[in-house]
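A lone chain, given as structure tokens: the form predicted on its own.
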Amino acid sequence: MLSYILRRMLQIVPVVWGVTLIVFLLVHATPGDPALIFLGPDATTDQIEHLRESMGLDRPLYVQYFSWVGGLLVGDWGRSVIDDRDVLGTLLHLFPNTFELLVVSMVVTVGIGIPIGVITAVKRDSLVDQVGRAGALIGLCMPNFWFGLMLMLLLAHRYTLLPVSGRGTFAHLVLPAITLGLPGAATVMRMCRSSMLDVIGQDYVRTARAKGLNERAVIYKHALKNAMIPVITIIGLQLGFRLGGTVIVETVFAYPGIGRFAYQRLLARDVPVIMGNLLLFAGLFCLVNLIVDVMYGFIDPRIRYD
């Protein structure tokens, strides 16, 4: 197991390097001069050139890239051109807020998706199954920003049950977490239902029933455990995609996390912060995939990491 984890971590290195190159090229390929955007249209040519020189934008592109990567290796992710804040320090300061939102949203995703997936599989083609599938389809079709605005209008504006924005108490997490987690619950529910339907028809499930085990033990101890491999894969992917979803959800609810921070600095064309955010997201996505792969061996003992 340890050797497998070490090999996977070594494989992450070229992936992250490729991400740094792609992120750097994409950011520098977008139209607009960061110095001109920061100074405004009334800036003089001398002011723009001075800022470009201080930001290193006057150097060749390959020199800028290797200078940035060299800084990453020693923990220097650059400084914001807007307020001169340290990029890495700012991201580490805001990340616990986003991590808290991600955890609660995943509780919503798993807590809704798996139970409904199991119930709809057990009651296949019943009214419960049809309602569950229809609800999952609606959840997949709803854009995050629209769903968040509707929750805000209903639960925060009309009935004032929950705070509309900010962070501080658990109540501030409810609306953003539901907005972020409910669409993912629809995906998990569909995968769980499909996987359960495949497993329920297997011989060992019929054998368990023939031995006289009660239906709850058959479903949750035998069937669900063996149906969890594809579900775990989807949950891991959902967690990775959820990182990108925080940009929209945190902006809608004015939640002080790295997603909202990335959106604000993207509008301001703050290049060091944009690259730092994208690199952090990519690294977390790789880490989540590694954790999911390791979890396979705990769920199914037949899987070995030799």
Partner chain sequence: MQDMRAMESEMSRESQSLMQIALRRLVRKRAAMVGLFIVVVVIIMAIFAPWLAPYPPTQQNFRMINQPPQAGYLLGTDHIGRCVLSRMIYGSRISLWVGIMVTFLRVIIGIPLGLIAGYAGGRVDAVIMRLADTFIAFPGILLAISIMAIFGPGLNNVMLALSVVGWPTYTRLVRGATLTLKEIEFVEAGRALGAPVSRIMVHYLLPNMISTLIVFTTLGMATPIVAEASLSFLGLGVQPPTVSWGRMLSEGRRFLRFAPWTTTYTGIAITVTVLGYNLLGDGLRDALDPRLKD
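This structure is a prediction, so every number in the text was calculated from the model and none was measured. Positions refer to the first chain, counted from 1.
What follows is about the form predicted together with its partner chain, which we do not show.
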**Prompt:** Contact between residue 243 and its partner chain in the predicted bound form at 4.5 Å, heavy atoms?
**Reply:** yes
**Request:** Consider residue 288 of the chain shown here, and say whether it contacts its partner chain in the predicted bound form, taking contact as heavy atoms within 4.5 Å.
**Result:** no
**Prompt:** Do residue 206 and its partner chain share at least one heavy atom pair within 4.5 Å in the predicted bound form?
**Reply:** no
**Asked** Does the 4.5 Å heavy atom contact test between residue 22 and its partner chain in the predicted bound form come out positive?
**Response** yes
**Request:** Answer with one of 107, 127, 150, 171: the residue that has a non-hydrogen atom within 4.5 Å of its partner chain in the predicted bound form.
**Result:** 150
**Prompt:** Which residue among 69, 43, 27, 57 has a heavy atom within 4.5 angstroms of its partner chain in the predicted bound form?
**Reply:** 27
**Asked** Taking 93, 103 and 298 together, does each of them reach its partner chain in the predicted bound form with some heavy atom inside 4.5 Å?
**Response** no
**Complete:** In contact with its partner chain in the predicted bound form (heavy atoms, 4.5 Å), from 80-88, 116-124, 133-141, 221-229, is stretch 133-141
